[in-house]
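One chain comes next, on its own, written out as structure tokens in the form predicted on its own.
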């Protein structure tokens, strides 16, 4: 072994040892988090890994920056084969894939290395230009590793340049393959061939050593950089539940019988190890914050900051908790508030010292941040756990939601309406309750779960009546619970009051099971999601159908007869409900209902629509809180919808209905807001009984 090879072996071993130390250190930090099982449903996780991880489907939602980053990622994967060859050859000079691979395969390897290195260099150059000159808004703000991105991109560029120089110099000294196999290295070799042999040899040695050392420097810098996601993003995507397995968007259940004084999370040790891994995986790309309705309307919430703060706090307190030395504490991962003493770090916590109450209560739980994250981070779970701590452990919450908690506990509704008024909307409509059917020894095909908004809100009652008319017109045998229906607790859960939620949910499940309910239809996406997706955590299993899907099926089956189109034609803009769309992927059903029932000129879409739709501002319990900071979210959304030039706005959620109607008053807009059920009910052919198509 030559002396240079011996020196490289020593460097390689030291670099591997340092990286091993850093990796084990990070794993010890992760173990401070609470346990969570993430190795179930392996087929689904493998699909996520292949599509979101390797396929980069989420990052490609941004056609410009996404494509550039995807090229860098794919290049990183392809070039690893070449990096391995270089590192091994540094110890064993005779090592080459040329001796191991068939000639065609080896030539393919050379071609991919050559083309990929130049492609990555071009992509990195454009990304550097964006960072230094264009400066996109989403990359600014609460980013804490501003110089880190420039450094990493520069390192990658240097790696590509040294690789191309090494390949070009090697082509001059020893032509390994036809020029067509390495077109860019061959072109560079033409230039380098004019150099004296001694200078060319020196250039080859410098570029080779520079490239090899840069690989090792890059590898050991990553654990202390925001670009740790280069290593962590793939396992994080595999371990994530944001795109499945399991039901998407469900909140984690709490064991309220456990003997503990801590509910939810106030510090990183109360979060799961997966929440902490999310911090390592965060790219600080800002896509989550750019999509956040609270942030874009001037609220203090930034989902990116929530994740970054979690990582900051972990890096601050973890060394003392695990008893590990932290010789690299000056590196970028340790930004933010800190103290050189263990007691200083332990006297602080994630809540209050890093993340404020105002940030947490600004969240509408719309899942836009989770949906946009290219590495499958769950920002919303951290927010929910911190909210739970505020409410259940510390009794800290906005004063205006106290009446909602009290009303849910006393009246079974977030508003101070008596339970006796819950079915007043149905007076004179000849709609039976399940109790009445039981007395007559009859059964309904479906239970119409009306919900609190549909039962008590004057505007939402019109939707309730409209949907009831549609079902009666279609000959559906349905019933309601009447006074026996009560809030299922979703607002309480989203506002952090898990204790109240479980009381209400268990009571609802008991009522439904007593009547042996199997199929439920509801016009409220929050009821739809809660009963269908989260009740199973407590033993309630039912088929739950949203009214837009149900109406679409009735129309498709020919069970609804519509009147002839009226002379006046409308242009309608449809607003996507977050709990119907990003939570349950129902986008087409309400649009199809409109297409089948309206004599529309056009069904127009606002700029932000479907899975990019902007929240109305009512979710996450925000319906019951004042909006005191920045622009009102519902006003921002209403402006977008009005800008389409639509004559009317259609919704499929009573919360969206209220928020957009209220925004119309503030904008002095006369554009009508209608539920899809109201649109259909307005066009029912009175006195005509529809004939199902399978019968006709």
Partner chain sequence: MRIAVCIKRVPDMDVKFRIAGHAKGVDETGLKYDMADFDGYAVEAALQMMEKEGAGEVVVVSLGPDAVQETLRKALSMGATSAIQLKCDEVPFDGFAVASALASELGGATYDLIMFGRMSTDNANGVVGPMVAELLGLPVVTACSKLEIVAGRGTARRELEGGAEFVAFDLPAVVTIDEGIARPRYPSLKGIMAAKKKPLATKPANLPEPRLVIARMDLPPERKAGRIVGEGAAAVPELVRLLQQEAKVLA
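A quick note: this is a predicted structure, and the numbers were derived from the prediction, not measured. Positions refer to the first chain, counted from 1.
Here the subject shifts to the form predicted together with its partner chain, a form of this protein not shown in this document.
- With the partner left out here, its partner chain still marks one of 288-296, 400-408, 232-240, 349-357 in the predicted complex; by a 4.5 Å heavy atom cut-off that stretch is 400-408.
- Its partner chain in the predicted complex is approached by residue 418, whose closest heavy atom lies within 4.5 angstroms of it.
- Of the heavy atoms in residue 84, none are within 4.5 Å of its partner chain in the predicted complex.
- Shown alone here, residue 395 lies within 4.5 Å of its partner chain in the predicted complex, counting heavy atoms only.
- In the predicted complex, residue 105 stays away from its partner chain, with no heavy atom inside 4.5 Å.
- Of the residues given (383, 500, 470, 480), 500 alone sits with a heavy atom within 4.5 Å of its partner chain in the predicted complex.
- Among 371, 263, 448, 550, the residue placing a heavy atom within 4.5 Å of its partner chain in the predicted complex is 263.
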